[in-house]
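Single chain ahead, written as structure tokens, the form predicted alone.
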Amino acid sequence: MKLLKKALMGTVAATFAVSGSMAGEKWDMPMAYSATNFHSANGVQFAKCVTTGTGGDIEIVVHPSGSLFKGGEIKRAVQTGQAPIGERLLSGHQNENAVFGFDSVPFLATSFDDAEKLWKSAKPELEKVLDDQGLVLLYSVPWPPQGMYFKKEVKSVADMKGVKFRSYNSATARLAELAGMLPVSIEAAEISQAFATGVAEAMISSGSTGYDRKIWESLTHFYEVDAWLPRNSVIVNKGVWGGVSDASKNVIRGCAELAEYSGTWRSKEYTGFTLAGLRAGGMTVGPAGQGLVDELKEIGKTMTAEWLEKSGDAGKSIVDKFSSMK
């Protein structure tokens, strides 16, 4: 990581030498998660890298916790130019195009290594979709593996019936439906209040989200099922990007490459740390029983078939490329 950082910062420094230090423009960058979340911290470092590397020609200012736009509003805000740049969980938009949900296909990629292979397989297709929507992808970082949170012991899918389940995209909503739960759409910034007031009673998410939101104050069990590793992506408005000088584009691309690498490293390191934090908070943390895992995988087969049908040739291409790498 140190060698990569040195090489990339060398590129940034070289570009800075020719970009000058004229009065620049300010890019507000909305992010959905808390300032302490590793994605947000990574975004702040990316912003500093760009601001410094362009000599202030482009100053990126990060707005975490959905303070500028809520999570579900960020992508549209960037598309319409209300914000020039932003970070979004693109799987939250798979109702627009199923390709956005490539990272939320249950049990397709369940480790960081497989998630990286899936990302390489999906990136070309994803960039095509974004380009058609007037967006440019800068970088993407995975969350830790997704586990299931409950306020009671759960040994089978039958134990989930009727539970109010927080969903963050159509995949999590569908999982809830197939398991007999009641999906409730809740933004990340609203998680603590939702569980404290009983609006939701369970969710599938990473240890990171639960740790950041002190979820042990409302829930009792976290089951490691490693269902998938969703990704947050930083996108920029295509029109805005077209107006950026070549020198500044080189800086931004270098900073983005560093952010993707460092963000992935942070995610890996944060996985064990946050699970330990959940335990310290009083939660029961551990792998789900094999019976429950088998039942969830059956649900996963149904969801995979549904996603492949919706995503068509693009989805098949992604899965075929991914399978060839394994």
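Numbers follow the displayed sequence, beginning with 1. No experiment lies behind these values; they were computed from the predicted model shown.
Absent from the display: the form predicted in complex with a small molecule. The rest refers to it.
- Proximity of Ser121 to the small molecule in the model of the complex falls outside the 4.5 Å heavy atom cutoff.
- Within 4.5 Å of any heavy atom of the small molecule in the model of the complex lies no heavy atom of Pro106.
- Contact annotation: Ala188 falls within 4.5 Å of the small molecule in the model of the complex, judged by heavy atom distances.
- Interface residue remark: Pro230 is counted as part of the site for the small molecule in the model of the complex, having a heavy atom within 4.5 Å.
- Here the chain stands by itself, but in the model of the complex one stretch of 251-259, 77-85, 125-133, 205-213, 205-213, has heavy atoms within 4.5 Å of the small molecule.
- Only one of the listed residues (Leu89, Val225, Ile235, Ala171) places a non-hydrogen atom within 4.5 angstroms of the small molecule in the model of the complex, and that residue is Leu89.
- Gln146 is the sole member of Gln146, Ser218, Gln94, Ser140 with a non-hydrogen atom lying within 4.5 angstroms of the small molecule in the model of the complex.
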